[in-house]
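We begin with a single chain expressed as structure tokens, specifically the form predicted on its own.
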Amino acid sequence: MARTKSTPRHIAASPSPTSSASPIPHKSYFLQHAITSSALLAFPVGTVVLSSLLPSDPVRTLGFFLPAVAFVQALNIIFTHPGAEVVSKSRVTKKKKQSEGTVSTTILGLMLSMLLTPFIHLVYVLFGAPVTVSVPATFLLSAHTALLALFPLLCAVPLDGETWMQIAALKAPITPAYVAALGTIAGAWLGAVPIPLDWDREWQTWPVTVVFGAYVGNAVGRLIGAVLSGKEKKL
């Protein structure tokens, strides 16, 4: 009696606990960066529109809001860090280790950003910032620039020479942190254009327009980077 061979049925393999997790939807990813951009823009816009603190007293205003900017940036880094962009299905211990690693990376990035603030101050001076006057204002501007441009980058990319050479050569992969850094630099540069004009306006005081340019450029760059990097993930 001949045996009939049964056709094997295709059985879908159940996902293992160690399988790679699915990424967060792009809309949520973009929304997180949009919220951060809005929160950061609230600082320069609010201080001028509501109380004119920034033009009248740049040093006090920049110093007062510096911790708040650091806090907003740290939250954004923690929730949009590459390690946080996936929905983990592994054990709770693995989630805890990943969270601890993200927090430690954020703290390290913040410390390095503050350590690099004097270097940014020097760059501003080389590009025409006052040398002997408005020194506290320039230093605080440098600290805000470090938080906007360097802080997210230091947390998002490896700390090796080759990677940072690619960043300096404008050949790094498109990410919100990278494009936001470029936007911050471009915005600060464009923001300095109205200062020497003979308009005699209070908001032309150094470094009011540079601060505005840096924040607007950062917000625009962050959103553009989120859109472009999201499209690359879909491909």
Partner chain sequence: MAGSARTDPASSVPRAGQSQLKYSTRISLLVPIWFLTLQLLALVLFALGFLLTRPVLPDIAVKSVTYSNPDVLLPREFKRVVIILIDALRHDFITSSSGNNDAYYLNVLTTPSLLSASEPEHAAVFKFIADPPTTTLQRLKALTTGSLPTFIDAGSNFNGAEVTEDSLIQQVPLSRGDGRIAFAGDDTWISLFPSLSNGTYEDKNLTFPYESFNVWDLHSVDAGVTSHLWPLLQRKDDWDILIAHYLGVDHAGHRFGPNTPQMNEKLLEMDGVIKSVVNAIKDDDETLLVVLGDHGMDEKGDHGGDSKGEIEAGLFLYSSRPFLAPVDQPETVNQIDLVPTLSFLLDLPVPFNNLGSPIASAMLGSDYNFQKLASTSRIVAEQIYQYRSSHPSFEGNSELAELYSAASEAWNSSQDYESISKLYLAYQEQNLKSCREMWARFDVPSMFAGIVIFVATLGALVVFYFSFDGEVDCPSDHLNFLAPKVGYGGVMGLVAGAGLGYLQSRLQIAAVFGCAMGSIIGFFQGVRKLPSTKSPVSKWTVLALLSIILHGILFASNSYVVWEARSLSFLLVSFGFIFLVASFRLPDAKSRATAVIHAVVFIIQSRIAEYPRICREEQLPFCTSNFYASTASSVSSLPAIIVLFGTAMALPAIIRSFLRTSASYEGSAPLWVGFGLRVVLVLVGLYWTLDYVEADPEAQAYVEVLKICKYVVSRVLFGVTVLGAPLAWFRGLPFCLRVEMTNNQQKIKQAVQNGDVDTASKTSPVSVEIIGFGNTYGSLYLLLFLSIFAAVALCMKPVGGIAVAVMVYQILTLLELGDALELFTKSPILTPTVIGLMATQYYFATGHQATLASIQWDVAFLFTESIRPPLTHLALIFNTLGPFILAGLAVPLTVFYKLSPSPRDTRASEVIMGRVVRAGTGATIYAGGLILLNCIMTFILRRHLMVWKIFAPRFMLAGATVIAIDGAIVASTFLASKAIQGVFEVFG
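In this text the structure is predicted, and so the values were computed from the model without any measurement. Residue numbers count along the first chain shown, from 1.
Below, we refer to the form predicted in complex with its partner chain, which is not included among the displayed structures.
Comment: its partner chain is not present in this chain, but in the model of the complex one of 165, 159, 107, 115 has a heavy atom within 4.5 Å of it, namely 165. Contact annotation for residue 126: at least one heavy atom lies within 4.5 Å of its partner chain in the model of the complex. Taking non-hydrogen atoms only, residue 64 never approaches its partner chain to within 4.5 angstroms in the model of the complex. Proximity of residue 193 to its partner chain in the model of the complex: non-hydrogen atoms within 4.5 Å are present. Residue 111 falls outside the set of residues with a heavy atom inside 4.5 Å of its partner chain in the model of the complex. If you take 167-202 and check each residue for a heavy atom within 4.5 Å of its partner chain in the model of the complex, you get 168, 169, 170, 171, 189, 192, 193, 194, 196, 197, 198, in sequence order.
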